[in-house]
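The chain below stands alone, shown as C-alpha cells; this is the form predicted alone.
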Amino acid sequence: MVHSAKGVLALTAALLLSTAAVAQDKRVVTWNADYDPIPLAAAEALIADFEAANPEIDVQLTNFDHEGYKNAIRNFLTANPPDLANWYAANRMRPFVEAGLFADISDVWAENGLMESLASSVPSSTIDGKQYAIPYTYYQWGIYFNRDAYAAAGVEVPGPEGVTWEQFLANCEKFAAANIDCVTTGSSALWPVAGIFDYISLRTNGYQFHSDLAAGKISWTSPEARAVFEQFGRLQPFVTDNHAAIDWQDAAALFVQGKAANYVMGNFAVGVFKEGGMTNDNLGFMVFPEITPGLARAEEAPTDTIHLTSGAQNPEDAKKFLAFMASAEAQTKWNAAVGQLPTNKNASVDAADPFLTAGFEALSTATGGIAQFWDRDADAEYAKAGMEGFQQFLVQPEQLEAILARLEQTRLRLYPQ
C-alpha cells in the first residue's frame, strides 16, 4: 500500500487511517521514502513480492517529494517515527545515528551474511563498529573517455585495467599537444569539480582520510591534505580552461565533440553522451588511476539506504523487510527497473550495457570503501566552502595558501576544537 504525503500532518493522517484499516488481521510495517515515479513503481513491485512471501505482513509506504522529505524527516523521526525510513549512507546518516534516531541493525547484517555480500558498502554503512543502514542502490563515478579523441591525439586507448596516474598525466601532455582538453568539467554549479577532487583525495590518502576530511576532522593545512592538492595541481593545467563559466552539460558537449578526451562523471551522464551522438563504439569507461601504490581502491558511488528507526513499532518485521531489500534477488530487480547498480555483489546487471557492467565490477571489487560524493559526505555549509575552494584552485592554483587558510578557518568555525 502506498500513500503520498507533503508533510508531517499528511503523513500522520495517512498512517492512522491505513493502520486502522488493516491492523486487525495483518502486522504492519510502515516505511517513509522520497521516490520519483520510476523508483516508486520499482519499490511497489518489491513490496508486492515481499508481501506474497509474507502474507501476514502489510508494508505501508508513504512517499514524499524530495524537498518535502528533507524538510520532514527530522520531525517525523522524533515525533511519529515509521518503522523504516529512506536516507543516505556514511556521513549523511551520522547525525541521525548520533541523535539516536536510527537503530543499530548489526544483527541483520550478521544473520544474513551481509558483511560479505555487501562488502564494498561496509565502511559507509558503519559508525563506531555498528551497522545502521541497508544500502540497496548506487551508481558509479569514474572516467568516461572518447575513443575518437584518443585516436586523434595518437594516444593508446586504455584497456580494462585502466592506466597509471603517471601514464594518465603523460597522456594529458599528448592531448594538449593535439589541442584537445585532457579532462573536461563544468563547474558553474560547483559540484562537478568535487568529483575530481574526491578521486584524487581517495587515491592519495584513502577512504578514511577522505571521510574524515569531509567530516571536519582533518586540517586543510596538514601534510596529507597538501599532498592531495599537489596531485590536483599536476592535473590542473589539463582541465578545460573556462570550466567555471559552463555547466556539466556544456562540458558534455565538448566531450561528445571530441574537444575533450576524458570526463570525470557519474553514470547518469551516459544518456546525455549518447543523446549527443556517442555510441558504445566510441565511448569508454575506466576507474580513476591509482596514485599511492598499494592503497586499497575506494570508489565514488552515492548510495541510497533504508534505515530502521529507533522508534519503530514493529522492528522484527521491519528487519525482515530490510534483509529482503539487501538480497541479491531484490536488488537485481529494483536496479534493473531504475537503471542503477545493486550494492549486493551477488546480484546481476544487464550484460548488454557495458557501462553498468563495468561500474558493477568496479564497485563490487572496491575493497577500500565507497565514498558518497563531497556534497553528501560533508555538511551543507562545509560542502559548499570546499567546492568553492576546489573550483578556485583549478582556476587560480597560485592561490593555494589562501584557499587552504580559508577552508581551515571555515573548519574551525563549524567544528570547534
Partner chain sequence: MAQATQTGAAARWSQRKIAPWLFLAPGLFMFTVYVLWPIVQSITLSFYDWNGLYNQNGEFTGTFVGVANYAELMTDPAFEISLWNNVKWLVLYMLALPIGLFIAIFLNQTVTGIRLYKSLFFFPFVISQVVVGLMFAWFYAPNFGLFYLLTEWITGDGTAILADPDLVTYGIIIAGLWPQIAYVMILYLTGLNNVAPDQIEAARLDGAKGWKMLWYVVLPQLRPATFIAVIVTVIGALRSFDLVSIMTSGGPFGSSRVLSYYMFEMALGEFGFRMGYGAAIAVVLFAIMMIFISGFIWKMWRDETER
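A quick note: this is a predicted structure, and the numbers were derived from the prediction, not measured. So that the term is clear: the rigid core is the largest set of C-alpha atoms that superpose within 1.5 Å between two forms. Residue numbers count along the first chain shown, from 1.
What comes next is about the form predicted together with the partner chain, which is not displayed.
So in the predicted bound form, is the partner chain close enough to residue 254 to count as touching (4.5 Å, heavy atoms)? Residue 254: yes, in contact with the partner chain in the predicted bound form.
Might residue 311 be said to contact the partner chain in the predicted bound form, defining contact as any heavy atom within 4.5 Å? Yes, residue 311 sits close enough to the partner chain in the predicted bound form that at least one of its heavy atoms falls within 4.5 Å.
is_contact(residue 320, the partner chain) in the predicted bound form, heavy atom dist at most 4.5 Å: Because no heavy atom of residue 320 falls inside 4.5 Å of the partner chain in the predicted bound form, the answer is no.
Applying a 4.5 Å heavy atom distance criterion, does residue 286 contact the partner chain in the predicted bound form? Flag for residue 286 set to no.
65, 332 and 337 - do all three of these have some heavy atom no more than 4.5 Å from the partner chain in the predicted bound form? Contact check failed for every one of 65, 332 and 337.
Using heavy atoms only and a 4.5 Å cut-off, determine which of 33, 57, 387, 42 is in contact with the partner chain in the predicted bound form. Checked against the cut-off, the match is 387.
Have a look at 169, 108, 246, 272 for me and say which one sits with a heavy atom within 4.5 Å of the partner chain in the predicted bound form. Answer to the contact question: 246.
Using a 4.5 Å heavy atom cut-off, which of 128 to 136, 292 to 300, 237 to 245, 212 to 220 contacts the partner chain in the predicted bound form? Of the options given, it is 237 to 245.
Quick one: name the residues from 90 to 110 with any non-hydrogen atom within 4.5 angstroms of the partner chain in the predicted bound form. Going through 90 to 110 in order - heavy atoms within 4.5 Å of the partner chain in the predicted bound form - the hits are 92, 95, 96, 99, 100, 101.
Taking the rigid core as the reference frame, tell me whether residue 217 has a CA displacement of 2 angstroms or more between this form and the one not shown. Comparing the forms between this form and the one not shown, which are aligned on their rigid core, residue 217 does not shift its C-alpha by 2 Å or more.
Residue 284: CA shift of at least 2 Å between this form and the one not shown after core fit? For residue 284, whose C-alpha is compared between this form and the one not shown after core superposition, the shift is less than 2 Å.
If the C-alpha spacing of residue 70 and residue 186 moves by 3 Å or more in the predicted bound form, is that a move closer or farther apart? Relative to the displayed form, residue 70 and residue 186 draw closer in the predicted bound form - a change of at least 3 Å between their C-alphas.
How does the CA gap of residue 212 and residue 96 change in the predicted bound form versus this form, closer or farther, if it moves 3 angstroms or more? Farther apart, which means the C-alphas of residue 212 and residue 96 are at least 3 Å more distant in the predicted bound form.
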